[in-house]
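Next up is one chain by itself, shown in structure tokens, the form predicted alone.
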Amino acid sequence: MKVTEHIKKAKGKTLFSFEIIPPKKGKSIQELYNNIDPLMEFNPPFIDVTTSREEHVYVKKQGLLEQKITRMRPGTLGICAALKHKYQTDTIPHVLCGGFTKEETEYLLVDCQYLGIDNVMALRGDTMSHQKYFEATPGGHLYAKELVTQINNLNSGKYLHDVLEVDDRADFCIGVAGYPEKHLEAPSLQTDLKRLKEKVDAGADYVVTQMFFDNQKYFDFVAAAKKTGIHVPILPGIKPFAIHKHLQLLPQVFKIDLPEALIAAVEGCKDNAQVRQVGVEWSIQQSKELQQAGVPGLHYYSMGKSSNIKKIAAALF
């Protein structure tokens, strides 16, 4: 079932969903199951599975270091299929521009169609560590808008090199990212909203936001998006604080502001166990306010760990 259909079926009730990352190569999928099992009592209608792009590693060859490209966390589509089968819930693979050609993307989408996966999250992806700015993979897309267009074209029977008369046409529900405090590369929030509207105009059906810790940022963002002409559902993305280093790491990596009350609470913690509890309590209050405001869903960035997400969900759902 499509995300938009789940939202419509809920009839105003806030949905619970979460996002996981694939395990590193050599790790068992059982670890994922162990973290997902406790969350299934809250009946998530869908689970997102991230995709990591390629990265450079150095290996010794004849005494010299040689640069190789690898993926440390492959398996997104396989995990989606496994979770869909095990839990009988919808799964959403993240589809990236970075690291993939248009042909590879088309093959992935065809596989999704065969597996009965109805939703995809279309993202540009991160810049590689050695790049100052994002660069398109040769033969790939530079912008998420182009990726959305390719997916939407497939929904119309338009493949990369053919327009086919198809009996079983793809019908993907397309999600995209939104940034309440603007994308880190955008010159302004208004410019970023224009880019978001371009993605929606290209065929995006819903938006999931980047994490934020001040709900007013989300409310203002939704109001500004509607004023810009964006009328698809916008699901808030919530990430519980977990470690003290998040005070520096999250603003640095995601270019977001932290509320002074949250900063003070974390700085007063003696260890990360206390930080984790502060994160749970902050996310519960944040989620309750959003839920009372009638948001279509609350989407949690679990990073593969479920104990804090379970505490939050238990207070809400």
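None of the values given here were measured: they were computed from a predicted structure. Quick note: we count residues from 1 along the sequence shown, nothing fancier.
Keep in mind the form predicted together with a small molecule is missing from the figure; the text below concerns it.
4.5 Å heavy atom contact with the small molecule in the predicted complex for all of 14, 41 and 289: No, none of 14, 41 and 289 comes within 4.5 Å of the small molecule in the predicted complex.
One residue of 135, 126, 104, 171 in contact with the small molecule, assessed in the predicted complex (non-hydrogen atom, 4.5 angstroms): Contact check passes for 126.
Contact residue in the predicted complex, chosen from 118, 198, 214, 205 - any heavy atom within 4.5 Å of the small molecule: Selected option: 198.
Partner proximity in the predicted complex: residue 220 to the small molecule, non-hydrogen atom cutoff 4.5 Å: The answer is no: residue 220 has no heavy atom within 4.5 Å of the small molecule.
Contact flag, residue 143 vs the small molecule in the predicted complex, heavy atom cut 4.5 Å: Result yes; residue 143 sits at the interface with the small molecule in the predicted complex.
4.5 Å heavy atom contact, residue 209 to the small molecule in the predicted complex: Residue-level check for residue 209: yes, a contact with the small molecule.
is_contact(residue 234, the small molecule) in the predicted complex, heavy atom dist at most 4.5 Å: No, residue 234 is distant from the partner.
The small molecule in the predicted complex: contacting segment from 77-85, 238-246, 187-195, 154-162, heavy atom within 4.5 Å: Of the options given, it is 187-195.
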